[in-house]
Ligand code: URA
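As structure tokens, one chain now follows by itself in the form predicted on its own.
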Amino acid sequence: MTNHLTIIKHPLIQHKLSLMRSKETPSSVFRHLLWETSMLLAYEITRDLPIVKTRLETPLCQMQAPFIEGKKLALISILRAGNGLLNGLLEVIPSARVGFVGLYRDEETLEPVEYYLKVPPQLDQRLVIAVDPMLATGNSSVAAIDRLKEEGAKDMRMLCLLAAPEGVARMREIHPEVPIFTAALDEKLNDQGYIVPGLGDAGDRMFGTC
């Protein structure tokens, strides 16, 4: 763990990740595991949210009760696979505002191509959590963070299920102030830009398009 990269090694997360890595795991089970894992990851990435004390009355007495301070969080899904993490996060943080950055990877250049953008207002006043299961080359994540900054985001975090050293290095180079939270830092990228050992293409595994 560093200030830039946090690897979340909770046993439940690691167990579910291992099940997702298996090529024998069908899409329906993969989606459910990703949903469960994203709820667990939500606890870790929001562990240090600021708290403010507000007076309220319980059935027995008055007290100073802790509430999350500031504007509601913004969860930004990097399409399409980001939705797999988004759904679980919303189970834990249902009041969050939601946005989408649509990117696909050119299979020849491995560079991201944007096709959609819709984000909540006042990003400059919110903690923004960008979600994408795979941080591989880092090109899509860098492009998504670039666009969110253009839309006003200042306080951002990146949540992924798996990361490759190349993607982490790329993010650290371009956006060193954006911390990354992941369940595993894998070995490397292969010649096609996939994480090894990885779990294949997360979007294909989720939607059965492989």
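Just so we're clear, the structure is a prediction, and the values are computed from it rather than from any experiment. Residue indices: 1-based, along the sequence shown.
If you look for the form predicted in complex with the ligand, you will not find it shown, but the lines that follow are about it.
Using a 4.5 Å cutoff between non-hydrogen atoms, Met20 does not count as a contact of the ligand in the model of the complex. Interface membership of Leu75, defined by any non-hydrogen atom within 4.5 Å of the ligand in the model of the complex, is ruled out. Heavy atoms of Ala136 reach within 4.5 Å of the ligand in the model of the complex, making it an interface residue.
The ligand in the model of the complex is approached by Arg105, whose closest heavy atom lies within 4.5 angstroms of it. Contacts of stretch 158-196 with the ligand in the model of the complex, defined by any heavy atom lying within 4.5 Å, are made by Gly193, Tyr194, Ile195, listed in sequence order.
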